[in-house]
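Below you will find one chain, with nothing else, as structure tokens; this is the form predicted alone, and questions on how it binds or moves follow later.
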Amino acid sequence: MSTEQLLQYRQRMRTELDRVLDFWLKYSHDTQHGGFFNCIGKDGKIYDDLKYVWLQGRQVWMYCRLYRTMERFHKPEILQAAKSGGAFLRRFARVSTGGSPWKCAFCLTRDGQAVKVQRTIFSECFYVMAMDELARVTGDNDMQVEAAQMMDQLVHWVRVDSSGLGRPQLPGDTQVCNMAVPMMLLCLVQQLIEGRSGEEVDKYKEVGSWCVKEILQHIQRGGTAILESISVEGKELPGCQGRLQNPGHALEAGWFLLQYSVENGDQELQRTAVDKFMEVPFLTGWDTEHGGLFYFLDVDGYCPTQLEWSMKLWWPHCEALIAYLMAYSQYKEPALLERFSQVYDYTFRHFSDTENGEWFGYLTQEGKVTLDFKGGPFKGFFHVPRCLYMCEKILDSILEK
């Protein structure tokens, strides 16, 4: 592929990132109560004022990352927005349930009253990401300490005792290892050790090694499938749950593992990240008739029980773009760049809204927009800007070389 084509890719990523950022700066800020509106229609109108802690934390992290690492985004209004979001989180996100001072709500009212708590770790994970990145741009050591303390609690819930999450162990319920858990902890490890050294970093490196080991157990069926959920012994589970594949999640795990393995000089893990966590889910997950990645698949070819299984969602395509461009930057294999181009063509043709800005998130199998909002309970200022940001940075590095 020519340098000219790579330059065109970079310019598109740059332009799209600027447009996406403008959309959220214009429509999502709650100047009365702080934090961000999450439920935003296609043209920027707020259709619900509930605030989701996952998305509040993600938006703080994304603003801070752009402010800290890209000169054109080193602007006071971006920093102020991040501080406002961080203050809202610190004041309202944590709720006292089950005796734990670290549990966070999933959903809040506009003025910060808790509405719902999930019995998972993910609100807390995005709280850690937000606090650590905000500490990096403000120099507020208290935030960094708070992020480290919550990380300790997360590791305890995952590896020692999960009772603080409030999920009872029912007699017919089988313990399951979901790939999302070690994936998310590995993401936090990379966040917390970036640019740091010392005893605390050594502790996180041990957690990172554990996460990698857990993720690799999801390679099943002799290396021909990445299964989303497995038993605590690392074996395939019976029934629909055990057969479930999530191509986008596997691709995201792929670039997490590739990033980790490059930083640690682990060439075998690098190859596994590409061959197993990128190629395997892509080859099984790509819709050869209509294009795009399926949301869910059954490894034995049954119809998945998730009603949205055949839809094309924005975030798996974001993860695929990052994964294949990162893999190409590492190996320079033309086939990897061809995969990136294939995903790129589909993604920008179907998801990007050239009229109102930002991206649509939910398409039919045939590629038609079926839900036209730009922000909802699970779609916020994160997957799209993170993808565009990372792809722009990777293309910068490729072109410089």
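The first residue of the sequence shown is number 1, and the count goes up from there. Given the structure is predicted, the values throughout are model-derived calculations rather than measurements.
One more form of this protein exists, namely the form predicted together with another copy of the chain; it is left out here, but the text below deals with it.
Of the listed positions (206, 142, 308, 77), a single one reaches within 4.5 angstroms of another copy of the chain by any non-hydrogen atom in the predicted complex, namely 308. Residue in contact with another copy of the chain in the predicted complex (any heavy atom within 4.5 Å), chosen from 27, 54, 348, 373: 373. In the predicted complex, at least one heavy atom of residue 243 sits within 4.5 Å of a heavy atom of another copy of the chain.
Using a 4.5 angstroms limit between non-hydrogen atoms, residue 114 touches another copy of the chain in the predicted complex. Residue contact check for residue 224: none of its heavy atoms lie within 4.5 Å of another copy of the chain in the predicted complex. In the predicted complex, at least one heavy atom of residue 366 sits within 4.5 Å of a heavy atom of another copy of the chain. Proximity to another copy of the chain in the predicted complex, taken as heavy atoms within 4.5 Å, picks out 43 to 51 from the listed stretches 27 to 35, 335 to 343, 43 to 51, 58 to 66.
If you take 375 to 390 and check each residue for a heavy atom within 4.5 Å of another copy of the chain in the predicted complex, you get just 377.
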